[in-house]
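Consider the single chain below, provided in structure tokens and representing the form predicted alone.
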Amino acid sequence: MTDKRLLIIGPNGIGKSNLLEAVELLGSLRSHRCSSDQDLIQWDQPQALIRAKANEHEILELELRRKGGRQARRNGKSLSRQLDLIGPLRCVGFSALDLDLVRGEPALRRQWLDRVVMQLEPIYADLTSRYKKLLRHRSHLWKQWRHQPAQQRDSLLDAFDVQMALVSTRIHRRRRRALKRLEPLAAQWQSWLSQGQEQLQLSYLPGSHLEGDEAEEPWRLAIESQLLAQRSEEERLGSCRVGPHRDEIGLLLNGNGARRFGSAGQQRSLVLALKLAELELVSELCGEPPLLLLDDVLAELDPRRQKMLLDAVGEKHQCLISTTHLEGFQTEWQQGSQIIEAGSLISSADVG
């Protein structure tokens, strides 16, 4: 169906990725590529504006400003919370950068899991933002506190620990729940991609010592205790040693760590499995399939994995795909898609 898939063709550097990144920003309020809004605004402009018609009844806008932060609007009405923009345009992004998900640093896996949780619970974005601010503020204050009396310093840290423990608990709980839901889906996809040869296991390795079920109060008290116990080490090293910023996601293939022992091909299949599981979970829990953004991914995959990814997506998902060429896309895929090249719409009947 021509309203299901849109292929954007063109050489590198003409803005294909920027288009997909703009859609991702409207759908999730985050960019997988940049952490600062300053990097998303054209260098000689004071602001940038992204506007999209998500459906017949929803027009979404996000204004990025060099001074004054962001402004979100929905159907022309300014929103007091950016979070209220999330919902009409849920999306799952997959770019060449995601192929480092397995072999990269733990922060990449945390960011991926956070994007999944935020699609399911938009309020989660507020939790992670609060935690980052607390962590930055805590680090900054340590530098100021070094010459203060220990009693005064400890009373301030006690107040910090209460806030950090509460926010940490709520982040830990949501990350663990999401990973539990993702694991069976990802394992099923990994088995399919490997033709039954590989068993995938996902494990949540929290940066706090957590025992028992996910009851908020016991976990909060346990984290408070751990924050207190690590203070002398925190003072010596200059960084907090407890909390979600130290979480890791374990990825095991047939019982072995995929980061160390997985081949390049196995690692790429694993990333596909994680992304397809994310797509399936968001579809299941939100009641409708999210928009799938594929940013020049096929160029990074061998022909077998290209075909398997396209077969898995099939007709079920609305897709926005960037590519430098049509090689790798089967004839039926091209015929079932709208194709834009150098800003012009090509009829699918004229392709192939």
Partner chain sequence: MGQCQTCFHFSADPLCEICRDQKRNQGLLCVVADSRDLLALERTREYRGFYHVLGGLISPMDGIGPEVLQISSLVQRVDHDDISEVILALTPSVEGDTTSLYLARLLKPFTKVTRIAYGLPVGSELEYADEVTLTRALEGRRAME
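Rigid core here is just the name for the largest C-alpha set that superposes within 1.5 Å across the two forms. Numbering follows the first chain given and starts at 1. Since this is a predicted model, take the numbers as computed values, not measurements.
Note that the form predicted together with its partner chain isn't included here; everything after this is about it.
Although its partner chain is absent from this view, report whether residue 263 comes within 4.5 Å of it in the model of the complex, heavy atoms only.
Judged by the heavy-atom cut-off of 4.5 Å, residue 263 is well away from its partner chain in the model of the complex.
My question is simply whether residue 163 lines the interface with its partner chain in the model of the complex - judged by any non-hydrogen atom within 4.5 Å.
Taking the distances in the model of the complex, the answer for residue 163 is yes, it comes within 4.5 Å of its partner chain.
So, in the model of the complex, is residue 126 in contact with its partner chain at a 4.5 angstroms heavy atom limit?
Within the cut-off, so yes.
Answer with yes or no whether residue 134 is in contact with its partner chain in the model of the complex, where contact means some heavy atom within 4.5 Å.
Residue 134: yes, in contact with its partner chain in the model of the complex.
One stretch from 111-119, 187-195, 238-246, 154-162 that, in the model of the complex, holds residues within 4.5 Å of its partner chain by heavy atom
Contact criterion met by 154-162 only.
Of these, 130, 90, 259, 177, which has a heavy atom no more than 4.5 Å from its partner chain in the model of the complex?
Filtering the options by heavy-atom distance leaves 130.
Scan 203, 144, 199, 75 and let me know which has any heavy atom within 4.5 Å of its partner chain in the model of the complex.
When its partner chain is considered in the model of the complex, the option within 4.5 Å is 144.
When the rigid core is used for the superposition, does residue 314 move between the shown form and the other one (threshold: C-alpha shift of 2 Å or more)?
No, shifts by less than 2 Å.
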